[in-house]
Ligand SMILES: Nc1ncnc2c1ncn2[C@@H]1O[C@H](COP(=O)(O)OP(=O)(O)OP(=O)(O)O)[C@@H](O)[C@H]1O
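This document starts with one chain, in the form predicted on its own, laid out as structure tokens.
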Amino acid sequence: MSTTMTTSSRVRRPLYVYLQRPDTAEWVVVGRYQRDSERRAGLYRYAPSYAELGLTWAIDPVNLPFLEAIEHIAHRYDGLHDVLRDASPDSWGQLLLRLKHDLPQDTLPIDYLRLAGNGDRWGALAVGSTPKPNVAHLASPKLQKLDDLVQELLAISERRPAVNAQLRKHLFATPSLGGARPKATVQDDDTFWLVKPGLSTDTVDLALLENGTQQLGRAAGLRFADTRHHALVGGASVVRVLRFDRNGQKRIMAVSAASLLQIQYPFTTDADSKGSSYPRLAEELRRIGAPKDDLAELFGRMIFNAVVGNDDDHPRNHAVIFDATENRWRLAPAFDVVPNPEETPKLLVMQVSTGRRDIDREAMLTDYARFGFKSRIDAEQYMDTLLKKIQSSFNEIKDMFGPDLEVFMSDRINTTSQRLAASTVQSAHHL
């Protein structure tokens, strides 16, 4: 929600927001943020200099549309605007900052944003205390340092002393990455990859499971982020995921689905939980100008998550990115798609249709029109074709899962696909 308000002495000194332009990659001041501590509200205004340059890109097409001389108010996240929350550290990054600065557990989101540093933020935004952009060059460890990097990540997660002091210093200086598990960025030639090691507490090899599942999504014809798996010396299992918010040294504007849906995640109210919805996200994609193909893609991802049993499909695990070549927002590649290894889920986090989260064919087809399908028959055909494609693609790439996970995934995919298939539903109606 956007509105206006008069600033006062309650408002802290401003934080300038910088944007790496989608066209030239030049850094510009895009806006100014201040926090009203008494109201626990944030105030954001696009910079006059940004408008004077003739620039009109909105850093968040839903919550912060480009409007000159308007002060946008934020109340979620203790007054931190959604897209700035996206650019802030999540659980893992917050842990690093607490360790580095001896911060309390109740540290405000705005303080995490200030302290995180601009070297490796998600998306194309950066922040600073001066009205002149000062953004660090991307300087991630090279892929050849993968073993050392993983060992340092594991040492931090286990609260052990530094194995490599220089790497630990780098990790503490670049904590702006999402999720609760240890992670960092590595550079391979001109590409950047998110590194996620498995942990000793994992009951299965989650790195191997994530890599196989992401590759399965790609083989099934969906737009999933590319991945690689590494089995390192010492037994560490690692998955690295290609970052879609990077194109060489150029950063790509990105906004989470939680921001687009205007809900706080982790959920704090029933309204947040109810607002987390695939059909609603499809409508927001349409609203911000994404093509119809993205709506069908989202529908396909919903089905895929149901088939593999990924019930960690919360709204921070979906996003959009700004495509400079098309000059519009697009659904980002799928990421963090990891099946539940403990039990076969019956529900997804995101609603599959109004009021329903259950993994059920009828529930998934009910709101077909909101995904851009002209008829229910079209949606059914898409769904049935994808179900068959997932099964056939699994047979092609099943070796990526290793023997134990291959059996697990085969059972999961076959069982859920049969439950969602049209023939199963039709047979049930005749009983």
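Position 1 is the first residue in the sequence shown; the rest follow in order. Please read all numbers here as calculations on a predicted model, not as lab measurements.
FYI, the form predicted together with this ligand isn't displayed, but the following is about it.
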Considering non-hydrogen atoms and a 4.5 Å limit, which listed residue (Glu284, Asp336, Asp272, Glu71) is close to this ligand in the predicted complex? Asp336
Name the single residue among Leu177, Leu208, Val349, Ala290 that comes within 4.5 Å of this ligand in the predicted complex, judging by heavy atoms. Leu177
Find out whether any non-hydrogen atom of Arg301 is located within 4.5 angstroms of this ligand in the predicted complex, and reply yes or no. no
Residue contact check: Phe244 to this ligand in the predicted complex, 4.5 Å heavy atom: yes
Arg181 near this ligand in the predicted complex, any heavy atom under 4.5 Å? yes
At the 4.5 Å heavy atom threshold, is Lys196 in contact with this ligand in the predicted complex? yes
Segment assignment from 154-162, 181-189, 273-281, 74-82: heavy atom within 4.5 Å of this ligand in the predicted complex: 181-189
Under the 4.5 Å heavy atom criterion, name the residues of 305-343 that approach this ligand in the predicted complex, in sequence order. Asp312, His314, Arg316, Asn317, Phe335, Asp336
